[in-house]
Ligand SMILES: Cc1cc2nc3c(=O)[nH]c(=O)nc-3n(C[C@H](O)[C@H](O)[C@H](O)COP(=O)(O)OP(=O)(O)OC[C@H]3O[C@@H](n4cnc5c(N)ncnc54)[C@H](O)[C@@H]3O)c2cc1C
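Let's start with one chain on its own, the form predicted on its own, as structure tokens.
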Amino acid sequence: MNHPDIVIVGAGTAGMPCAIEAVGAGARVLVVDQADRPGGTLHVSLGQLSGAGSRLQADRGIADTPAAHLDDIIRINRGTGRADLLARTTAGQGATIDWLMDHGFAMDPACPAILHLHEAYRTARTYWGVEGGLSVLRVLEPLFTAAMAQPTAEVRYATRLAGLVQSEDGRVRGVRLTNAQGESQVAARAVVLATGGYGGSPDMFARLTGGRRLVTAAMPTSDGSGIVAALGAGAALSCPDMFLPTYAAVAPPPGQHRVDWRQMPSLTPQVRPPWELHLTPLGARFVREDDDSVDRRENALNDLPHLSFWCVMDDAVWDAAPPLLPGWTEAELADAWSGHPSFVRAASLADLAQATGMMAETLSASVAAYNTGIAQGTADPMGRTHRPQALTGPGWRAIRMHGMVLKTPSGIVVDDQMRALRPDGAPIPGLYAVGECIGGSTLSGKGFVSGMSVTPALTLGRWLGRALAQEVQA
């Protein structure tokens, strides 16, 4: 298609619904994606959703409103998100849940629920599919395929955005693309960037987070290319100071940065109360391990050098406790304890300190203070209440954990019409952005708010597709 009305860059959580609605409303649409299939982050996401006023809530007798949802978000992120965009998306997220259900979404029967992987809502308004993000993709992909089969639509996979085409007045009038056939240029009345974040780019992540190491579950195609293109066209960068890590992943070996959701440790106290100690690289405690506020635990981790800590236990705790690594097979665990650099075993605390780099005196003092509280029935130094048994050896273990990333905080500044903005607040004509490329912290603020990544991408993507179709046909 040489003369589309709209070019949508990215066939993921926001780009697919944007295209579905735009084509359905009569616009000529070209979608491009650098991957060889649609779906983007949905292939690795847990697919948490949230929305107030859904039919499922009504069926369960749960009274909820978009206004209550918005108030809860503001409480959780302490007002650090964009109130105007939050108001727009929360108003439609209950209807998005209904839309998914109308198209056969395989909802987990436990939903809606209050989920504790992130700071919890006061009301049960979190949902997820039986296959996580793939459940969302199962709905979107056939609708997207049908839309792209229309004579007014086209999709090109394995095609990268090389840049934006602008006229002298700064209006974006198309895109430059590159693929195996070479470079091409496509003119359009509107360009939508739905390219996701930069959780697959160690270099860009380091530049935007003060040099921090990237440990990520994001897709490799989340390389920040859409954000880079928008900045090159004069757009402003959002939320550069709102990074917060997810608590936490097993640290991958040096030189590697990818982790698998299946192998995430069970560090949510409401799911698995902790038996281990969480210690800094020097061996000191830094957090109340059973704190029911994940936000407090994530902020404590964010204050640590290199976002890294050790989970320390003895052999008796490893054997008696519920699995810390429930997604690992016995063979994977055996291999990890025998050779993975983040897994350390030692005969004594002194040997453990030497093998991990912790300071022997600090490590010994941390363990002794914890054990003394248990033995004497006195308060834990960090205020911890779940202390099932002392750590006494013989035999010691430590697993290095690291703050990890799926959603990245910074992105393209947009207004409430999803138009990309310059640093002075003026819109860049013809350029729009939606999904994670507007910055995960634009909506969640400096925190993680359940369901406020996937559901806004779907909701705002659908809204933008309809709105642009009306605009280009006016």
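Throughout, we count residues from 1 along the sequence that is shown. All values derive from a computational prediction rather than experimental measurement.
Heads up, the form predicted in complex with the ligand isn't pictured, but that's what we're talking about next.
- The closest non-hydrogen atom of D33 lies within 4.5 Å of the ligand in the predicted complex.
- The ligand in the predicted complex comes within 4.5 Å of a heavy atom belonging to D223.
- When contacts are judged by a 4.5 Å heavy atom cut-off, F343 does not count as touching the ligand in the predicted complex.
- With a 4.5 Å cutoff on heavy atoms, G10 counts as touching the ligand in the predicted complex.
- Among the residues G430, G47, G445, G53, the one placing a heavy atom within 4.5 Å of the ligand in the predicted complex is G47.
- Listed stretches are 188-196, 99-107, 204-212, 329-337; the contact stretch with the ligand in the predicted complex is 188-196, by a heavy atom cutoff of 4.5 Å.
- Here the marked residues T159, A217 and M452 all reach the ligand in the predicted complex, each with a heavy atom within 4.5 angstroms.
- Although the ligand is not shown here, in the predicted complex the stretch 319-349 places no heavy atom of any residue within 4.5 Å of it.
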